[in-house]
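The chain below stands alone and is given as structure tokens, in the form predicted alone.
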Amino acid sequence: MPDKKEITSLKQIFEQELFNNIVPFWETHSQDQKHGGYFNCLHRDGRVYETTKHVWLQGRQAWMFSKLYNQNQAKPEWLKIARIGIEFLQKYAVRPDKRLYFSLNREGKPTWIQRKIFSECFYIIALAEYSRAVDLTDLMKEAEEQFEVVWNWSKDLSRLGRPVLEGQIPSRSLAVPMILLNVIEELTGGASTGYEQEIEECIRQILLHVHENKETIFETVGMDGEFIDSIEGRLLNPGHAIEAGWFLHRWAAILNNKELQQTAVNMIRWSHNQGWDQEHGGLFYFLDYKGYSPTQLEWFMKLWWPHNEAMIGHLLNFSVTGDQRDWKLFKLVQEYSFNHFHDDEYGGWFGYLNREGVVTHTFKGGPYKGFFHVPRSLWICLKLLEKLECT
């Protein structure tokens, strides 16, 4: 078991990394003071190399700064940063049919729309958390109304322009119920009141992807959870499965459901065991359940966000199990992450490594990497370490 000294030391490391490295980098470089919103595409030193604004990253950043303002310290500059994101999104990102664009140009004109629900989901959590910061009930009402629309879309994604073709195998994606479950937590502040049926349905759908006999979480399964022996059906994404596990952890605690808690523990452990590269360290991005070469060309790379999710997952596991194995896994991932993704010279974290752990892409922000996974992971782990320090 870790002693109090080790826990305190780690807490200080996470606090230093979050507030003296990650937050200042994005505070300094990402704000667009002229047109509003945030620059997402930041070079290693913070220079803007592309002015396109990706809507899901706008929402994520507005949420993260709102969360830090609400639950860490009510710093006016954090609220200001959150506000410029919310105002930009409300003004430019939302269409009359409640769909959100995926990306906008610097001035807010649309450049791309996806046939998915993720931009909308991050807009919802941004509205909800910011509404708590400024105590505006109309923003929370908008978030609730937007969630109702997204929930209805999730039942039939063809409404978003995704046709169902006759040769397709009917299937389910893990991404949909897990993001909706997380959105409900953020929308309600961790309360189930008013969303009991939706929570139950999200959990039911997530569990269809958990094959206990195989100790595996599949990204795509049949409509009743059955294994699909295809490239898509065999696909494993260890970081995503771990993230789903810690989402379930949170709801297991809220619902006081010990069985669900044990499932969450297993999901995180199994996914780590399958995904960890025993030769070079780090979590593989993708794997094939039967051991074939994954068709994703980047399958062997080590990305920042699976490691962010794994730090949360293993520390949550330890916080409920007290098992030394979970602590060792947390330390393993934490040391790999800080040693490989952290940038001593310019601040921030790199996002992409090759299998051997060498940085392949030097930018700090891009269309899929913004102010979200790194600060969320550091912040949640910091709070968990603070609790462990007091026990």
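A residue's number is simply how far along the shown sequence it sits, counting from 1. Keep in mind it's a predicted model, so treat the numbers as computed, not measured.
One more form of this protein should be noted, the form predicted together with a further copy of the same chain, which is absent from this view; the next part is about it.
- A heavy atom within 4.5 Å of a further copy of the same chain in the model of the complex is found for exactly one of S230, Q90, N266, S173: S230.
- Note on the partner interface in the model of the complex: the residue among K328, H35, H342, H361 having a heavy atom within 4.5 angstroms of a further copy of the same chain is H361.
- Proximity of G222 to a further copy of the same chain in the model of the complex falls outside the 4.5 Å heavy atom cutoff.
- In the model of the complex, a further copy of the same chain lies within 4.5 Å of some heavy atom of M301.
- The shortest heavy atom separation between K155 and a further copy of the same chain in the model of the complex exceeds 4.5 Å.
- By the criterion of a heavy atom within 4.5 Å, R115 is counted among the residues contacting a further copy of the same chain in the model of the complex.
- Annotation: in the model of the complex, residues Y49, L165 and R234 each come within 4.5 Å of a further copy of the same chain through at least one heavy atom.
- Of the stretches 157-165, 240-248, 198-206, 81-89, only 157-165 has residues with a heavy atom within 4.5 Å of a further copy of the same chain in the model of the complex.
- Of all the residues from 86-112, those having a non-hydrogen atom no more than 4.5 Å from a further copy of the same chain in the model of the complex are Y101, N105, K109, P110, T111, W112.
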